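Consider the single chain below, provided in structure tokens and representing the form predicted on its own.
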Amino acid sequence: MKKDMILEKSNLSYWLRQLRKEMLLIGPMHGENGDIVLKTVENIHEIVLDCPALIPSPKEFLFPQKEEMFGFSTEGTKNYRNSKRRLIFGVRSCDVSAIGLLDRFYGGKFIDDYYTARRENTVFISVGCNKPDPTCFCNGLGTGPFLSSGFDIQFSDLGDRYLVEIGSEHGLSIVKKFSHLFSKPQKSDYDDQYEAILSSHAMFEKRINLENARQKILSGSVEDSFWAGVAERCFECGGCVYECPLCTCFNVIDRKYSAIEGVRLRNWDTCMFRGFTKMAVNVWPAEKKIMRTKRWYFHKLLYYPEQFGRFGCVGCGRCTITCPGRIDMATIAYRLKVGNNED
């Protein structure tokens, strides 16, 4: 389904305030240290919409960094599945694209009940990027800066108003009740959106084609010496993985609080760490760093396309900002393309 409306900016605050009465409202806000992060909105006027695209990924609201799954005791178990209704406002197109892939990952052959419970009760309102960040390359992957489908609601900033594109039943449900705030778009509105999209595409500083990198790997011409050079620059900090909106690795542990009760929880983990999926008698499936490095890039560039028909990267550029060793996805894709094994 697809339905378009116009929302005057003067009506946005009232609409969000009414929605907040029905569900938890989360949006981009200034954090304690001045950074812009996604958090619960206390004051609507403090939402920051002219923020960089590289705010932390909304992945954590569907797949928390640390999550209690259930408690256990001699009396049985207690499930902690979260089903609170939430509206996450102000995310970017690349993150919406990532969520679409996470939905397929967690809702595929093996359904993750904890993820799906959150997802079914969460509505996303994304804002197209009129001004992409210098590190973004979503335009080369079809994951932004504006989307044609796959969203609940997408805003296009047209100056004094938003073109509101409704792409799901969840999105329609939070617009329908307040239809008096919206109007029908005119041809001039679509013209202005088209100009905004063209302008945004022209601003991209990076033009990265991951298909070239994928084909280079599949050709068998990339020697281990290339990956050894990449591995040498890896600090094993895990920053690229924790910031990536598409990394899904986790560990499950049981924590006992007493002799008769405890909790099972899961937390983010990374295939870049030596101890990931450590087996009995101290066996590591990928003990050498070069093996772990190759596995991460192969997962993004080969295995994701094989399984989902899409790369395991949406071009958000977060790893470029995070990686102290300068072995982010865009850099490695470029080096694979030109065959450069030097720094």
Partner chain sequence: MVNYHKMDKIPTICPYCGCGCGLYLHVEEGNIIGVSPIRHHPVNRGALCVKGWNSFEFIQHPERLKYPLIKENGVFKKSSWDEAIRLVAGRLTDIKKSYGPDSIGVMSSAKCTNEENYLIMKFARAAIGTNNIDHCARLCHSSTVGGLAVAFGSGAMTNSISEIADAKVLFVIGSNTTEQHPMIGMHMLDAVDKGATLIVADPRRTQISEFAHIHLRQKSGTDVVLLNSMMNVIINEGLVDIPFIKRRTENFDAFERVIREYPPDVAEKITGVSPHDIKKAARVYATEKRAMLFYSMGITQHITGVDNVRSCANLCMLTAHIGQPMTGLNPLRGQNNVQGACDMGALPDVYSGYQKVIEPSARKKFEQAWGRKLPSKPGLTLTEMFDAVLTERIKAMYIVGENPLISDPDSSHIREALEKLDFLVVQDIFMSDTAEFADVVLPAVTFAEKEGTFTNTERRVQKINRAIRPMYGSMPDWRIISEISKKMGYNMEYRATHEIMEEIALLTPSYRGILHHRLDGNFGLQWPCLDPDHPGTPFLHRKKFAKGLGTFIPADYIPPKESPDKKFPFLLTTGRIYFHYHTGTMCRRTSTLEREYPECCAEINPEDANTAGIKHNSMIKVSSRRGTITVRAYLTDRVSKGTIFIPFHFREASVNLLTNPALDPLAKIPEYKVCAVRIEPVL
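Numbering follows the first chain given and starts at 1. Whichever C-alpha set is largest while still superposing within 1.5 Å between the two forms counts as the rigid core. Quantities reported herein were computed from a predicted structural model and do not represent experimental measurements.
Keep in mind that the form predicted in complex with its partner chain is not shown, yet the notes after this line are about it.
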Which of these residues, Tyr194, Tyr80, Phe235, Phe178, gets a heavy atom within 4.5 Å of its partner chain in the predicted bound form? Phe235
All of Lys2, Asp103 and Ser168 with a heavy atom within 4.5 Å of its partner chain in the predicted bound form: no
Going by a heavy atom distance of 4.5 Å, is Ala53 a contact of its partner chain in the predicted bound form? yes
Is the gap between Gln307 and its partner chain in the predicted bound form 4.5 Å or less for some heavy atom pair? no
Its partner chain contact at Leu38 in the predicted bound form, heavy atom, 4.5 Å: yes
Examine Tyr297 and determine whether its closest non-hydrogen atom to its partner chain in the predicted bound form is within 4.5 angstroms. no
Given 159 to 167, 105 to 113, 70 to 78, 263 to 271, the stretch touching its partner chain in the predicted bound form at heavy atoms within 4.5 Å is 263 to 271
At 4.5 Å, heavy atom to heavy atom, what parts of 153 to 180 sit next to its partner chain in the predicted bound form? List them in sequence order, or say none. none
Please determine whether the C-alpha atom of Gly34 is displaced by 2 Å or more between this form and the one not shown following superposition on the rigid core. yes
In the predicted bound form the CA atoms of Glu68 and Asn33, compared with here and shifted by at least 3 Å, lie farther
Closer or farther in the predicted bound form: C-alpha pair Asn33, Gln65 (3 angstroms or more): farther
